[in-house]
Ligand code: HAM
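Below you'll find only one chain, the form predicted alone, shown as structure tokens.
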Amino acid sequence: MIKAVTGTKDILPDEIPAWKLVEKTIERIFHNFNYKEIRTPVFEETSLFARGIGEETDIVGKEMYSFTDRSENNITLKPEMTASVVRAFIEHSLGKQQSLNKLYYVSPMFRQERPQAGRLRQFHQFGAEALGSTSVYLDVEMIQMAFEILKELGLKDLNVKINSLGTPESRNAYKEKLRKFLIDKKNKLSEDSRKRFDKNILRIFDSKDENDKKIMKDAPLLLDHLDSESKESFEIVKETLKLSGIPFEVDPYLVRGLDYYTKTTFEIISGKVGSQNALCGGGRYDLLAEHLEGEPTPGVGFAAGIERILLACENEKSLKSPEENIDLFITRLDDELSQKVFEIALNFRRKNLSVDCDYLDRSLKAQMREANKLKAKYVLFIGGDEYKSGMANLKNMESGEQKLVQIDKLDEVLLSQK
């Protein structure tokens, strides 16, 4: 039997209502903040992510699904969305059409990671990008939107962590201090961290190795070596979050190891999803557009994992998906009336009612079981002596009330109940 590829998951019909509820919440909150949806291709040139994310990252080095197509192009299924959005922003000159572009997305992503709870090889993210302004209030707006969406979904066990990465100049000066601290400890670091020492030293803070964590506890912190502009911006972030009623904590170990990240960075984590507890993360990336050969354009954004959020909702029992039902189920009492039933069903479907009928030649009793299973609001009985006199029985499944209606007046009766 052919099964779904390891690390991928079918989303079955009984799971779809929860997904739709999440997607509607996402769309509503982003609309409230005046963000417009953008959709980019599911694959891009590999060089976009190598440059946009960084060749020294785990994503580019170990996790991307990359291949050469029949035209000898190097192609990658997108592992994240920010680089794609910024590429589209540059390619279509969106910055010339308006000074500030506020964009959001919902999209599948692909990374060849080890599958576990909350981590799949095909997964779905939503997120937002604001391109064109250095305003620190956009940094806060990203946190507000992410928090509002998670709160609307009923999640309570949330922890907002924030940090500042400063300007490139202050960060470079800090990196030298960090190298001096680690130089005589380098041989004690894990193999991955020894590689990061030369190529991406800030990412040593991300190490999961217990010995690395112990060493880094005594390391100097970037937060203590910020320039005055970054300090001032970070204070505004904290003050505005307090005014927004969003609880947060400053985490000096929260880093983004890419050179184009600047100033604000944040994560929202959940205590209900196990080791993969980060529901979303983001930050300011004022140098990314220039890094991708566009005009210098400040930007800030975040991304959130839908599967992890649904897992958190399930564990907190917070998601109350609307019950799916249909307006009408039509039963057939006589075999020769199949075509008439099908005709009536189509008539009401064209009038925007959800309608189903029997396609398996079942008994009346079995048809009623199906109507109950589908949670039909009404059941229409076509056949018998009533049908011969132009009438049909209509049953309200909630009240149990049943009444005879003229078949040619069915539209009038049913549509008035809609």
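The numbering used is simple: start at 1 and walk along the sequence shown. Quick caveat: nothing in here was measured; it's all calculated off a predicted structure.
In what follows, reference is made to the form predicted together with histidyl-adenosine monophosphate, a form of this protein that is not presented.
In the predicted complex, no residue of the candidate spot (F30, L138 and Q144) has a heavy atom lying within 4.5 Å of histidyl-adenosine monophosphate. Contact check for A303: a heavy atom falls within 4.5 Å of histidyl-adenosine monophosphate in the predicted complex. Contact annotation: E290 falls outside 4.5 Å of histidyl-adenosine monophosphate in the predicted complex, judged by heavy atom distances.
Taking non-hydrogen atoms only, G283 approaches histidyl-adenosine monophosphate to within 4.5 angstroms in the predicted complex. Contact between Q125 and histidyl-adenosine monophosphate in the predicted complex is found at the 4.5 Å heavy atom cutoff. Scanning I246, L223, L258, L254 against histidyl-adenosine monophosphate in the predicted complex with a 4.5 Å heavy atom cut-off leaves one residue, L258. Out of the listed residues I326, A219, A278, V250, A278 is the one that sits within 4.5 Å of histidyl-adenosine monophosphate in the predicted complex by at least one heavy atom. Residues placing heavy atoms within 4.5 Å of histidyl-adenosine monophosphate in the predicted complex fall in a single listed stretch, namely 78-86, out of 327-335, 78-86, 226-234, 95-103.
Of the residues in 84-116, those that come within 4.5 Å of histidyl-adenosine monophosphate in the predicted complex through at least one heavy atom are, in sequence order, Y105, R111, E113.
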